[in-house]
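Quick setup: one chain, the form predicted alone, written in structure tokens, and binding and motion questions come after.
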Amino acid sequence: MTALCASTAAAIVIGNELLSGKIEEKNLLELSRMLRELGIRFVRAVVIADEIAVIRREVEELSRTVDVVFTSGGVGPTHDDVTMEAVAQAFGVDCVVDPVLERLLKQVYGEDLTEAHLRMALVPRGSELVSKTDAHWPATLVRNVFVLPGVPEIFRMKLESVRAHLRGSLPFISQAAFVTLEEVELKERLDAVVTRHPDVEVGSYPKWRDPAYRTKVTFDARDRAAVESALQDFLAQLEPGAVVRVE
């Protein structure tokens, strides 16, 4: 398949167990790191319940407003695994058994294969299967929506297949300054940098009770020269000895 090109991305994380605190969410971190490396801006993430109408609504909206969408969770053999059906409804199609997934399931379970297992071969009609190699269990792509499982270990495995079929724009350049000043002491200086360098995203992150530094200030953009200019502008406003390190 042709690689999917994207500049913006969003994620829909699905699971009552996440909203109730029974399970810790871990997939957004892995996804955000991959998108950053590819040069794709991660603009929105939502965590929702295992409800078809809610999932369908989010898929409908986000698939129209960003270049690529990722769902996490609700893919499996049990009653609350309704993501495939919801995504199918969002695009006005039905779910069908994919012969490739059916064959893979038969290879894994053999004579123990049940109808419950075969639910994991259901995909929205018109879906594509993407895989890094023939040895990888494929990920499901429905138009511009990657439908991924919620189990963190499997989610990470599927991301390898996704990465092989996803292209971003220019990569992000990032630099950081670690300083001994608190955020409140930096406000006016940061405001000035933000005003003078509108193409650079500036972030400020305090560190409490750390003897090494008080605030980490980051500078991100797709243009290395722009990042360096904003960083040097900021550093020039600081007192001697205020900078612990730059990286």
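Residues carry their position along the shown sequence, with the first being 1. Computed from a predicted structure; not experimentally measured.
Below: the form predicted together with a further copy of the same chain, not depicted.
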> a further copy of the same chain in the predicted complex: within 4.5 Å of a heavy atom of each of L29, K187 and P206?
Replying inline: yes
> At the 4.5 Å heavy atom threshold, is E239 in contact with a further copy of the same chain in the predicted complex?
Replying inline: no
> Given that the partner is absent here, does V66 sit within 4.5 Å of a further copy of the same chain in the predicted complex, heavy atoms only?
Replying inline: no
> At the 4.5 Å heavy atom threshold, is D191 in contact with a further copy of the same chain in the predicted complex?
Replying inline: yes
> Hey, in the predicted complex, is I154 touching a further copy of the same chain, heavy atoms inside 4.5 Å?
Replying inline: yes
> Looking at V46, L181, L38, I52, which is the one with a non-hydrogen atom within 4.5 Å of a further copy of the same chain in the predicted complex?
Replying inline: V46
>> So if I measure heavy atom distances to a further copy of the same chain in the predicted complex, which of the stretches 74 to 82, 163 to 171, 88 to 96, 137 to 145 falls within 4.5 Å?
In response: 74 to 82
